[in-house]
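One chain comes next, on its own, written out as structure tokens in the form predicted alone.
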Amino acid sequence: MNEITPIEKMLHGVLDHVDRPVAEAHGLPNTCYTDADYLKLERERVFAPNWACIGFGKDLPKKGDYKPVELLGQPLLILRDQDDQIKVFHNVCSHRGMILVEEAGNTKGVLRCPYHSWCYSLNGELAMTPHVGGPGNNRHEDVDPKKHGLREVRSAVWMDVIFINLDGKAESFEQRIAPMQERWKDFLGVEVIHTGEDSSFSFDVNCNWKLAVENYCESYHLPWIHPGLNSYSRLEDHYHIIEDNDYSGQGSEVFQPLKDENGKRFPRIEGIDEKWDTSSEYTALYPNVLLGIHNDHFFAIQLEPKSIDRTVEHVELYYLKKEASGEDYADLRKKNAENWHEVFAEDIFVVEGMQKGRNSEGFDGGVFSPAMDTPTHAFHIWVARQLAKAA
């Protein structure tokens, strides 16, 4: 019988405390934000069995592009093959376990291991094994190339966001994304257009990744943390979004499109529900991607956990009409990026402050506002259920 670890012992009963009506529930305990051993368990039970975000298609615009990434210590390789399809593999040579790719690049042919020059096609097939049968003999009857290709990871791309299911056992991505697609059905089939460096920025934040999710999916903090935003999109103009076991967040009923001094604004898509004339929505798609939709632009934020108390937030802005990518909209795109950078930067001291607070013996989970914290409570329930499901 396997011995119960201290972390697993601590987690016993967590679901019972979290998965209650919001007025009776407690939040996840401090250990879930401060203990490195817990993060290892989270990789196995929260990230690996689900569809997690690892990057964006815009980083691999051409056939043959490849980019190494990590997910909680797992070295992975994203590439765009000759059929223009994005694929994900374990970034390790099947020969002696050498990391295959250290830096992003492009190849017209194969990926070559720097150790013994074993080479792989963009489909992950083992293509060449130099001297494997002795000097000058590039084949050996006991080394079957068909059995020693790169190990592919289940992957999917949606709204340019790249998702993977590391353990290969999750429901299909189509099933996973269906509730989100139904909610945003007006935007199905719309091309999201990334315009390069002017639409990308990141934050290296000293907090656990879950705190970034919790802060993002509620509007309760707006009056105090985002006074500029709250001046026109007030607390009372927001509504909660909760989809059990999928996502939670908030919406605003008073979205105001960005305009320049001459009243020029980004082109918006036509023929969609009139609610989007004045509405915008912001959801946390569990576990680690934050999304925002408007009638003229879209953004996605990948939360990359670097350690138990450090997270890199990769922010990418997209536009919904090709005209917005033109030079005549460059100044407005710059202003849009600056505005969002300012809003997201305002949250840093909050999530870092909550991280420090998780070291306090006077706090261990906290309570929820029954009226204002239901999206955050929904996320806590989701995490607790993942932990309990795999136990």
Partner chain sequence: MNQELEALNDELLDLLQRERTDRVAEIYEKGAAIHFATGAVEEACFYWTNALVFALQRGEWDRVERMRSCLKDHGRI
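Residue numbers count along the first chain shown, from 1. Just so we're clear, the structure is a prediction, and the values are computed from it rather than from any experiment.
Although it is not shown, the form predicted in complex with its partner chain is what the next lines describe.
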**Fill in**
Heavy atom within 4.5 Å of its partner chain in the model of the complex, from candidates 190, 235, 119, 156, belongs to 119
**Asked** Of 264, 112, 321, 95, which one comes within 4.5 Å of its partner chain in the model of the complex, counting heavy atoms only?
**Response** 112
**Prompt:** Since the chain is shown here on its own, which stretch among 288-296, 82-90, 240-248, 147-155 would lie within 4.5 Å of its partner chain in the model of the complex, judged by heavy atoms?
**Reply:** 82-90
**Request:** Tell me, yes or no, whether residue 125 is in contact with its partner chain in the model of the complex, where a contact means a heavy atom of each within 4.5 Å.
**Result:** yes
**Request:** Consider residue 26 of the chain shown here, and say whether it contacts its partner chain in the model of the complex, taking contact as heavy atoms within 4.5 Å.
**Result:** no
**is_contact(residue 256, its partner chain) in the model of the complex, heavy atom dist at most 4.5 Å** = no
**Message:** Can you work out whether residue 130 and its partner chain are in contact in the model of the complex, taking contact to mean some heavy atom pair no more than 4.5 Å apart?
**Reply:** yes
**Message:** For a quick check, can you give me the residues of 249-286 that have a heavy atom within 4.5 Å of its partner chain in the model of the complex?
**Reply:** none
